[in-house]
Ligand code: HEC
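What follows is a single chain, given as structure tokens, in the form predicted on its own.
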Amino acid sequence: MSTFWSLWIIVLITFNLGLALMLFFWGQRVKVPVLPDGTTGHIWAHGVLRESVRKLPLWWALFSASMFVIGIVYFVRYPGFGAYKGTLEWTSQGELASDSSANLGKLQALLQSYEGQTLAQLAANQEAITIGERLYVDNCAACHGRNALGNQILGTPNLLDDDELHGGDETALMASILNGRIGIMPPIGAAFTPEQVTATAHYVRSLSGLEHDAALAQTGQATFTTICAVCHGAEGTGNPLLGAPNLTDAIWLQANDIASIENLIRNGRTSQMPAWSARLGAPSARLVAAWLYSRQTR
């Protein structure tokens, strides 16, 4: 805080506190002129109501005096009187750091108690999955949705179905959370003629039983087998080692109309699951995985 603003605040506090004290003491001594009946002469409602003057009750005077004392003690002990730090040298940043450190200590102790447990064991622990859900909401829900059902617009997968791009075991799941994943569908439009792109798109739709042109799909099968099967497999069932999706099921990360599939073949797509090891750490990441596991197995 600059010297000017510090002095400005000091002047304001001193002026207001001093004025209030003056009015307080003056109010105890001032004599308001009254008529013989004890009223000021001010009347309302055609004389039905008359203004009287009474001495302030003792409890009010004592209570008000105590507020002045408390206010002065506060400005002596805590920051607020300009740049003065107070005798306690308390700061909101220090309070936050202290509370955060205390909470972190409690969390670390709790996380240590979960060490050595499998995801299935953690998923049966209500306390563990409650923490895991909160961690998921804070870190993962922005992309995968509040209920972990994915987002087709972003191309983020549903985390509760049985379709796992990189495998669904504990090792693969933890690797995804901690290290992240990069999914690349390379642009291969240059290797195809426009007709082959369309034919391949129809064949891809035929793999999952979607409406398609049978003749074009038959033509596209040869192109798919020559180029696309390298990643997606000869039958189109995908490859978890590469993160290549299964094209034979009814699960699609993006739109599955002909135009969208053609665009994907021509231009490809790169998507990334960021690594959360630095932010979460392995113990917290396991609780997120446990919450997902509990949702999948209910």
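Position 1 is the first residue in the sequence shown; the rest follow in order. Note that the coordinates shown come from a computational prediction; the quantities given were computed from them, not determined experimentally.
Although not depicted, the form predicted together with the named molecule is the subject of the following passage.
Engineer: With a 4.5 Å heavy atom cut-off, would you call V288 a contact of the named molecule in the model of the complex?
Structural biologist: Yes, V288 sits close enough to the named molecule in the model of the complex that at least one of its heavy atoms falls within 4.5 Å.
Engineer: Although the named molecule is absent from this view, report whether S206 comes within 4.5 Å of it in the model of the complex, heavy atoms only.
Structural biologist: It does not: once the named molecule is placed as it appears in the model of the complex, S206 has no heavy atom within 4.5 Å of it.
Engineer: Would you check, heavy atoms only and a 4.5 Å threshold, whether G183 touches the named molecule in the model of the complex?
Structural biologist: Close contact exists here: in the model of the complex, G183 approaches the named molecule to within 4.5 Å, heavy atoms only.
Engineer: With the cut-off set at 4.5 Å between non-hydrogen atoms, does F192 touch the named molecule in the model of the complex?
Structural biologist: Result yes; F192 sits at the interface with the named molecule in the model of the complex.
Engineer: Of these, 33-41, 48-56, 256-264, 61-69, which stretch puts a heavy atom within 4.5 angstroms of the named molecule in the model of the complex?
Structural biologist: Selected stretch: 256-264.
Engineer: Only one of I129, L216, L111, C140 comes within 4.5 Å of the named molecule in the model of the complex by heavy atoms, so just point that one out.
Structural biologist: Among I129, L216, L111, C140, a heavy atom within 4.5 Å of the named molecule in the model of the complex occurs only for C140.
Engineer: May I ask whether S176, W276 and L292 each come within 4.5 Å of the named molecule in the model of the complex, counting any non-hydrogen atom?
Structural biologist: Yes, because S176, W276 and L292 each have a heavy atom that approaches the named molecule to within 4.5 Å in the model of the complex.
Engineer: Need the contact residues for 1-21: heavy atom within 4.5 Å of the named molecule in the model of the complex, sequence order, or none if there are none.
Structural biologist: Stretch hits: zero.
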